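Shown next as structure tokens: one chain only, the form predicted on its own.
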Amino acid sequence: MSDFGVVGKSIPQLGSLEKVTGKALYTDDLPFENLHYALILRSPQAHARIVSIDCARAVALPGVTAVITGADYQTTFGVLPISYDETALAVDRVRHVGEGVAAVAAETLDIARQALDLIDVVYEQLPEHFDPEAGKSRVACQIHAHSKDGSNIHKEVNLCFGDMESAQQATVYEAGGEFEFPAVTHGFLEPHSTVAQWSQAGDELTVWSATQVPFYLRRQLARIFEMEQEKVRVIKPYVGGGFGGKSDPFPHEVVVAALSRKSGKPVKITFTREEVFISHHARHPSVIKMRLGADKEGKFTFLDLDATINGGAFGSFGVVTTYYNGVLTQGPYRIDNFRYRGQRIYTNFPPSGAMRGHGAVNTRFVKECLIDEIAEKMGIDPCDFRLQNLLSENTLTATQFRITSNGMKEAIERVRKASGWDQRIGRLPAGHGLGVACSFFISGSALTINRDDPQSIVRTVKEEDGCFTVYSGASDIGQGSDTVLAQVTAEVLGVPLEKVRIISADTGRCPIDIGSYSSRVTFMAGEAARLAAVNLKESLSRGDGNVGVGEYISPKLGGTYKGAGAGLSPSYSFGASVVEVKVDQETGFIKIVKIWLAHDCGKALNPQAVEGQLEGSVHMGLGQFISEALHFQGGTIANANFLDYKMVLSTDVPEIEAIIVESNDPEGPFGAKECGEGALHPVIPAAANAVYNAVGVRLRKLPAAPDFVLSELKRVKRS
């Protein structure tokens, strides 16, 4: 594998020079003639009936060119066809603080602000639902009428595999407990921003948006405005981070299109940071109950899991989240007896959705902490315990996930060696500890959200100047997918990287790609790009054309039980982390000393980019572990800004040793698979296990802020 010309080489990302010099144009930077500005009037109520909206004074204000309310566009939409439950603006009822009730377009932002102040809304308060547990029972006033049996249950999943009764009888060692996780935000720097412009005839719409899913957005806009999809063009400019928080079609994208249609002008909206917090679709807050067992030889016997998931006001990716909380907890270990009950509950908080490591981060934390508890009861080293329970290559899990390549054993061994685990564990001073944990995640979903769509199509053209243009709908949101597509294409064609141009994420010029989420782009768009280049090369050899097209459609996978498609992937990534901490027993402050993170990415197409993804995973994982949480007063976010929402700063990040494990997947492009999300998973529980090793405190909720750690230290000392 060493004879590659471009693949496997560390290459700076395409567009990086433009970003660092300030030349990159993000949505808010795009120049338009006669641009008008949109603002959304947001509800101060968490749950209320809209008695009346009077927009007359706003409409009459000079400089205002359009005003709309929920009555103007009542078509429901969402990212999942099974959960079309949002509207552009609230219709009849608001379901969370900050939901839009009216919107204006004006010649200036100042005029738009004045117009919002002139809109009069009368509300009639309805019962507010903030407790997910209470929402499991019948309620007097449902948040959505389609919820189950008069309750606020959005989605319920019940799965059971193997023989749980016999497995529990064979169990000698067991650990379990209840764990609590708050909502956390993605923390991307670029706020949501969208510009919409209709053609002069008013029959074609172009939207520029900071989105991860241009083709999903096009589909929803076409539905809402009752147009052919070909009449809607969505363009993704540079995006300043997404992490899942820009992977839905959002109400504001519909709003600006509606305002542009009504005003006849190009209209832009760019959120304030508070609006981002309201609209971001955060990681789901949840309460996880889990029991894990092992037999006398130390083999896992069963996993029993119950998840209560706070969905907020709308569906988003919530159906998928409910499944993922369970099924993605299985790996990377062999557990043949598995039971899961998951419930996602509508509440009157802002909606939750997809965030890096979607649906599996919290349950991964619980499982990896319980594994350490069992290892302690058995008197076995936590690394050894994990090694003796691993899934093998080319096998099926209890839920019939197909495992192909598997670098899990190597990942554990490499972090173990690099950290000096065997020489140091149990020998460090008081307050100083090491912890380990493992990960398991998908390389894209084997099923598309819209079943008629392929996952990715790439078209590559040889131009008259001797260069090659790659057209792909894949969205580069900072992870470097444009660079990957260029590398794969250059490798197949045997040309320098400089000979390859990328045109991407423009639905008017590019074939379909379903977006940047679920760690799918390198595997799926990358393989489509490889096939397109192969087909072009063959066509050029035959002399019968200068265009090559490649298409990726996942092989048929999985079982026949209800929900069998959830969590299916053509390939899975594996990884391990060791975290070293020092805990101040007087203050409860945790200092992260160093982190070792090994990740099986198949083949590292661009090692520099892989290392960057691993370091980013560490940064995000540390934030959730040490400090990040959304705080609410009633239904209002009390810390909806970067001053009060405590993210980990660059100055707080310790030394990171990123270790690339290459298992060379048989189906990925040149052997590659995901490295964008799975690497986040082990960092958080490894840190928690290190805290226990340091001071004997088992963490049952996050974040591990000093006051909480100190209270747990005192509790342990009392007991």
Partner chain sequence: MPGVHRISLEVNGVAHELQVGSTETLAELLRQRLSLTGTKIGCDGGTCGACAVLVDGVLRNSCLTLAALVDGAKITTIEGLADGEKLHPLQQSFVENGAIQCGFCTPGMVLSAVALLAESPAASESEIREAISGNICRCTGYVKIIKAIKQVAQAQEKP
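Positions refer to the first chain, counted from 1. It should be emphasised that the depicted structure is a prediction, and the values quoted were computed from it without experimental measurement.
This next part talks about the form predicted together with its partner chain, which is not shown.
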Subject >> Which of 665-673, 52-60, 26-34, 39-47 lines the interface with its partner chain in the model of the complex (heavy atom within 4.5 Å) >> reply: 26-34
**OP:** Using heavy atoms only and a 4.5 Å cut-off, determine which of 195, 288, 583, 477 is in contact with its partner chain in the model of the complex.
**Re:** 477
Original post:
Which pick from 145, 649, 140, 430 sits with a heavy atom within 4.5 Å of its partner chain in the model of the complex?
Top reply: 649
Original post:
If you check in the model of the complex, is residue 19 within 4.5 Å of its partner chain, heavy atoms only?
Top reply: yes
Original post:
Does its partner chain come within 4.5 Å of any heavy atom of residue 381 in the model of the complex?
Top reply: no
Original post:
With the cut-off set at 4.5 Å between non-hydrogen atoms, does residue 130 touch its partner chain in the model of the complex?
Top reply: no
**OP:** Could you confirm whether residue 628 comes within 4.5 Å of its partner chain in the model of the complex, counting heavy atoms only?
**Re:** yes
**OP:** May I ask you to list the residues of 606-625 that have any heavy atom within 4.5 angstroms of its partner chain in the model of the complex, in sequence order?
**Re:** 608, 611, 612, 613, 615, 616, 619, 620
